[in-house]
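Shown here is one chain on its own, the form predicted on its own, set out as structure tokens.
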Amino acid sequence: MLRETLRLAIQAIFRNAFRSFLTVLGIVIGVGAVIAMITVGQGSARQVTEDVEKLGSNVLMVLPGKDAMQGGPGGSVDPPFSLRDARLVAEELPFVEIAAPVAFSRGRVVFGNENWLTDIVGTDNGYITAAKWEVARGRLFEEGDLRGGKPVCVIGETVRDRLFGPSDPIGETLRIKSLSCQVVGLLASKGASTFGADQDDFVIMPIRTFHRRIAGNTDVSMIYISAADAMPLARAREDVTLLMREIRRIGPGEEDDFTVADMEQFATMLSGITNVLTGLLSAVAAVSLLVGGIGIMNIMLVSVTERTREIGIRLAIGATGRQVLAQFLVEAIVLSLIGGILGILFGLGMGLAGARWLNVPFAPEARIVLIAFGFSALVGVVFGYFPARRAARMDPIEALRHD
């Protein structure tokens, strides 16, 4: 009986193939959108993890301000760091291999008739090494450059492209505000980050040069620490926190006015943002599943009305109301399953296209595909039941009289 019911349902669906396709279109779009959104979201989260791992698993960042990584009070409220702070971190903690002071600004750089607004970074070679930058051309800073605060700089690929085009920038002089700065090095390109930020758009100079000629103060925006691989990161973070409390003279019971963050925290934060956005977009996409279910119910009601005489004949020759209910319910479920299969193919295709467009890994999850497929079947049961029940409760005599 189940096989016969399934055969009749498929015949009824393909009897009006175009109408059936329009009916399942909402399911296709809903299932496809959910799968595509989650696939791209998972790929973005994986890319975040990979990008952070490239920076090293033993890296700590110390920033002024409590909860600075979560957008809490920053350097404008809490006192900034100094060069002495970074030096003490390197001297007092034996597991610290690099403790690089970093200061940031934003400025326009000029070369000839070209100019470009970029990030100006004051630091030393330790930051470049700890952040795993590679030198494409030229050199890093020499000891005399760092101690004497010489006007030299290392640039990223984006700055080279905007100011120098395809020519070699090594030895050329660019202007930053009133400072004429000689380019001594070009760093290899890292490309865009997961969220589209350009990682090659910067000019790096010795921090003493930055303080004297760009910032006009001796503030340090961040201390970038590279710990020994053998040192557990949690223990390293705890030791750095204790030392910074001592340096900044924070008494017992007083809150820290700085943040010590590691790359795992940074990855968790970015992944959390990605997951929230993915969830919101997926919830919006899932609304179309509801719309698709309403469409199935409407078409099934129309189908029941059109086939009233057929239903009357079946009931008159001995079919039970339960059998008629099963026939129309199976039709609704088959429509939903067809929509679910097409939606899975559509979603995986859109997910692949989105992953390539955003340059993130293609990361489909079998669990999500199965859930979306099961939900499409559930939509068929829920929204197909009312039309099927209406057909099963028809009076055979009244149904046979229907024109």
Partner chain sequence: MADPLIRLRGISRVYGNGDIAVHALDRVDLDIAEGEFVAIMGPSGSGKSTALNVIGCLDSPTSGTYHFDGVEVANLTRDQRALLRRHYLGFVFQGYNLLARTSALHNVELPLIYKGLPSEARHAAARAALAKVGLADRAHHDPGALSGGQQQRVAIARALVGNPRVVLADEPTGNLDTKMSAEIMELLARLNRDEGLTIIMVTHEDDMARFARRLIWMVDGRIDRDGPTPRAA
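Just so it is clear, the model here is predicted, and its values are computed rather than measured. In this text, the rigid core denotes the largest set of C-alpha atoms whose superposition between the two forms falls within 1.5 Å. Residue numbers count along the first chain shown, from 1.
Beyond the structure shown, there is the form predicted in complex with its partner chain, which is absent from this document and is the topic of what follows.
Of the candidate stretches 138-146, 311-319, 96-104, 80-88, only 311-319 has residues whose heavy atoms lie within 4.5 Å of its partner chain in the predicted bound form. Only one of the listed residues (25, 13, 394, 388) places a non-hydrogen atom within 4.5 angstroms of its partner chain in the predicted bound form, and that residue is 394. Screening 275, 217, 323, 298 for any heavy atom within 4.5 Å of its partner chain in the predicted bound form leaves a single hit, 323. Contact annotation: residue 123 falls outside 4.5 Å of its partner chain in the predicted bound form, judged by heavy atom distances. Taking the partner from the other structure, its partner chain in the predicted bound form has no heavy atom within 4.5 Å of any heavy atom of residue 209. In the predicted bound form, its partner chain lies farther than 4.5 Å from every heavy atom of residue 6. Using a 4.5 angstroms limit between non-hydrogen atoms, residue 327 touches its partner chain in the predicted bound form. Once the cores line up, the CA of residue 317 ends up 2 angstroms or more apart between the shown form and the other one.
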